[in-house]
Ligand SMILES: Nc1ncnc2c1ncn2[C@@H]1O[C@H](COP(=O)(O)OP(=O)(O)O)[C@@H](O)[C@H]1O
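What follows is a single chain, given as structure tokens, in the form predicted alone.
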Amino acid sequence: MIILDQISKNFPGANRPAVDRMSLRVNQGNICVFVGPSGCGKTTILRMVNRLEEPDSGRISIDGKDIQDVNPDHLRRSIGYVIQQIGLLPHRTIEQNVSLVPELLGWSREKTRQRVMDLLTMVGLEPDEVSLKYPHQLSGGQMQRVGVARAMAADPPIMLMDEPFGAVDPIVRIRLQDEFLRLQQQFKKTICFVTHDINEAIKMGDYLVIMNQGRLVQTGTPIDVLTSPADKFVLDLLGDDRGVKILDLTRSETLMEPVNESDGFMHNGCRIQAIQPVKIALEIMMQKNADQVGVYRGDELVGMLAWNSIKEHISRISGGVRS
């Protein structure tokens, strides 16, 4: 768990704080997405969490321990960091890039190599094809995958992701988002994810932190924010297609009612993966002439998504903001 308590950061010459008295909690195993316009303080927060920047006031703690009491190098080795520019070392092979942190931690050569091979496979790359190549020999999408693999190399419990998929074309970006959500279902890292794209935020986030000019404007689940925007700024950020966003971007697990096999729930073959959008769930219901689907993580039944639940959330969306 990451806790920010009244964190502020000022940069010389700026006419306002980059981050202004920010307090929030990032729960273990969740993807917390920071979203807002350029210059609102999103990246500064990530850089303060791994001590690339130091706050002027306030306290950041990880699992109850003040990060000021942790050696910065040790802290960074325990946190995966993925950036839009990827940051691969051009003179090192892909295998050497991914193995950087394990080598710093003193892992054996055999253990490190096996971890690299496993990770490249995990992010959808063929180790035999890419491990001995250099970054310039890969496509943008492949390099982004390597960046994610490198951040996961030492199996860090926390990952910081700063516009990680922003440098690739839209089709590759969607594939990378889907792949990462699939990995997160398996590994349940605690993730701070920065984006300026509200659609990406809604799709990726368990929890949203909406910022403007260094201040926290609204927090909540994607459904909370979609159905009850805090003010006109949030309403404008969401756009006029909020109802469509529920269908196209919201994960089915967000609207499901938790159930399991022992509850005796019968879905008659209507099933969907938890990370798939509500739109797909609706399509399955129509194809099967059903009013609910079973929601799965892998082969495990975790919930039930009913048409009435979807209808209820869509009906709550209006043109105004919450009172």
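What you are looking at is a predicted structure, and each value in this text was computed from that prediction instead of being measured. We number the residues from 1 along the sequence you see.
If you look for the form predicted in complex with this ligand, you will not find it shown, but the lines that follow are about it.
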Using a 4.5 Å heavy atom cut-off, which residue among 43, 50, 30, 276 comes into contact with this ligand in the predicted complex? 43
Among 290-298, 31-39, 64-72, 252-260, the region lying within 4.5 Å of this ligand in the predicted complex by heavy atom distance: 31-39
Heavy atom to heavy atom, is residue 11 within 4.5 Å of this ligand in the predicted complex? yes
Verify the contact flag for residue 25: yes if a non-hydrogen atom of it lies within 4.5 Å of a non-hydrogen atom of this ligand in the predicted complex, no if not. no
Would you please decide whether residue 18 lies within 4.5 angstroms of this ligand in the predicted complex, comparing each non-hydrogen atom pair? yes
